[in-house]
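Presented below, as structure tokens, is a lone chain in the form predicted alone.
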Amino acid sequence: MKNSFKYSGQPPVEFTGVSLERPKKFAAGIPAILSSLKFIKKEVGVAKGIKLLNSINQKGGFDCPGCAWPDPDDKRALLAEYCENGAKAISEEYSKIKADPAFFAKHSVAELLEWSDLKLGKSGRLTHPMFFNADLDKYESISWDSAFDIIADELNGLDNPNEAIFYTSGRTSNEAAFLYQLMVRKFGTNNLPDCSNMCHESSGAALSESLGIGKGSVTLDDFNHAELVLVVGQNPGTNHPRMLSALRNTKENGGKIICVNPLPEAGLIAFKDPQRPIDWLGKGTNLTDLYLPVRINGDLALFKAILFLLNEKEALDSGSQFDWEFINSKTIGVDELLENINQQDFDFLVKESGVNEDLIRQAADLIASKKKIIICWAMGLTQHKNAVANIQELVNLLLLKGSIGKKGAGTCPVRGHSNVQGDRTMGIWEKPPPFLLKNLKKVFDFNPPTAHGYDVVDAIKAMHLKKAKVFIGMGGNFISATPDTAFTAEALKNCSLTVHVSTKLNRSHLIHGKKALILPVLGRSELDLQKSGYQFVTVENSMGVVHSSKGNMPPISDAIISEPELVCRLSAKLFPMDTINWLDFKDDYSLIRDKIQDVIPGFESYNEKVKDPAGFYLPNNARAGDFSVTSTGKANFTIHHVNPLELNPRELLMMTIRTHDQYNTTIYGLNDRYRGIYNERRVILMNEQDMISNGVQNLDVVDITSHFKNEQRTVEKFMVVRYPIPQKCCATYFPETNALVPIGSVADKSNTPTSKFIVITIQKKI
């Protein structure tokens, strides 16, 4: 049926002309430089582009709006303290193309729904607040005061504060996030879902239970001292390219790297550093010493098999493998863990991992000789039903080796959005910790709600059931980031009001409630002038460093405002007789930081500390080797069971992945350069034997159906691409296949959607 995707939240079903090459054998180098320059020239222009690039991630400059990988504590590169995707992100953020009122007058929502995600993103920067006119099916310009009146009226008209959802993306600054959660709790709800719910919530749950802190324990400098780094379920070459420099440093300092991933990724084969011309023409640095092609979600079985082999070695020579001084003084539960390991069937674990036994033994031998071990991971581990168990098994390994709380060792969950960790630190969480509520009450003299609110999945269900009626999104592209796209689209359309705070047009603006607003805000690169002068904001990177970010470019429109100003002006409308003087915060962001230091531990003398261009580290008990904050007062070993994979003969396991021309839901282009797939996104990467079993050949067109309990979901028209992926496994790009992820398929404890573990079948198109 023509346009069947419309209003379902899915991008249009259309092919764009696929071209295939052999996958690349290295990441970065000259191609990354040329790609960056191409984007900058097209989107911004050379002169402005150079000014932007000279400030991005520099001390006293602005933080990249892309990933949360940390900057060096000391010297920064004179050029290229950013990656290819950072250059793409900043070029689109300061695009010379504008999605202004004239643009919206020209295009109806129905027409825009026909556009691809790439075309929507390329429509330019939003310049004015816009309100949806249902009669015309178009967005029209509206004043900021009128927009705030609409939101305040709608919120104050609800029967219960819990009928409102306040979502947050990870690019929101510390100052804006703190004000946002304050406003929401002052309103009377903890409905503060955020993008963490869909990615690293499993990491937070696993680490908090085991180590007493939901963050990683390493610093960037630890990579210089590590004897071994394991990179698990992660593709840093595309998603966190600056991480490759840290891995290169590990290798140059004598360390080894084990890569665990279903796909062989170019960024973990070799790295040509754009900052080192000597690398451009040579082979670069070979990164991976041992590659383990684990089947999708075979990680738990793999690491149990490794622990089984290490335990065998320990039994032959006590103390040769395990750090008993550390274990006895810092941990609890080792006897139960070792008993569980002894009971394992090694052959069963090998089979369930999908990895050849000889490779597993090589991995165990490599780990056996190392004491300073870092384990990094991303969503390849976190988006499974047993995601928390996956991560805690890695923690078990580190605890046995005594590899936490020492230089060159520890946990390293690699976060996505540039301030997603900071937002959580600021209180963006549907499950607020008691200290936060206590301190909010003390500092602001009100009783914040104590009942847990909705996370992302529960928020979608509540909107679908019409238990929640207002959706406000502080950044992000909710419809394209979330699972079960058609279900989520119905949920959003049930709302009486949807509000999206954004810099660029995206599909979420087109799947709206009965009333809808788009509110444009400043980007990271833009100057923020308030009554007290030019302002800066702060962010927290994935290793717990808080530092300032200050734009240096004129705003692209006089009608856009900052996120802190937006929250302050909305709060002043929402609480006209409030004892909190919200507009003072708008005029001077240092006043916000004064309140943050009164509420959030670790931020004492906040305004003084951020004067240091390198920023400051927040306290981290795991980094310090202090586990007294856990429920037992020690680091906790945990026991998990491997369930056998059971698939019907034609069923496959599907995981969603990103292309190289993509960051999260933002599509910069149509190429997946490192994997050799060009000008097409509607593809399914399959093992050659599975292609034969399913009677399909390279570039055949198939429909994909997911199977969960008694439910089926189907997406149409995907091209088969032969790729080196384990048998019975396949991969597709999101958001095109988010529609296959059931709303009810979530991780234990974290409630994260299982976007990396979808049981599917394919049907060849005739």
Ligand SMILES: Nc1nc2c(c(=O)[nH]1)N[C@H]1C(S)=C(S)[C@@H](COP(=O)(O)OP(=O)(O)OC[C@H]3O[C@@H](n4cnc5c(=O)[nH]c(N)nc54)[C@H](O)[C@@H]3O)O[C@H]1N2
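Predicted model, so just to flag it, every value in this text is computed and none were measured. Numbers follow the displayed sequence, beginning with 1.
One more form of this protein should be noted, the form predicted in complex with the ligand, which is absent from this view; the next part is about it.
Asks: Even though the ligand is not shown here, does it sit in the predicted complex so that V395, G402 and T630 each have a heavy atom within 4.5 Å?
Replies: So, no: the whole triplet misses the ligand.
Asks: Please determine, with the chain shown alone, which of 651-659, 351-359, 157-165, 130-138 has non-hydrogen atoms within 4.5 Å of the ligand in the predicted complex.
Replies: Correct option: 651-659.
Asks: Although the partner isn't part of this model, could you tell me whether A378 comes within 4.5 Å of the ligand in the predicted complex, counting any heavy atom of the residue?
Replies: The answer is yes: A378 has a heavy atom within 4.5 Å of the ligand.
Asks: May I ask you to check whether F718 falls inside a 4.5 Å heavy atom distance of the ligand in the predicted complex?
Replies: Looking in the predicted complex, residue contacts with the ligand do not include F718, since no heavy atom lies within 4.5 Å.
Asks: Evaluate C64 for contact with the ligand in the predicted complex, applying a 4.5 angstroms cut-off between non-hydrogen atoms, and reply yes or no.
Replies: The answer is no: C64 has no heavy atom within 4.5 Å of the ligand.
Asks: Using the partner position in the predicted complex, report whether N235 sits within 4.5 Å of the ligand, counting heavy atoms only.
Replies: Taking the distances in the predicted complex, the answer for N235 is yes, it comes within 4.5 Å of the ligand.
Asks: Quick check on this chain: which one of K595, R248, H240, H547 has a heavy atom within 4.5 Å of the ligand in the predicted complex?
Replies: Partner contact (heavy atom, 4.5 Å) among the options: H240.
Asks: Tell me, out of E563, D222, D100, D458, which residue has a non-hydrogen atom within 4.5 angstroms of the ligand in the predicted complex.
Replies: Only one option qualifies, and that one is E563.
Asks: Of 396-416, which residues get within 4.5 Å of the ligand in the predicted complex if you count heavy atoms?
Replies: The stretch touches the partner through G416 alone.
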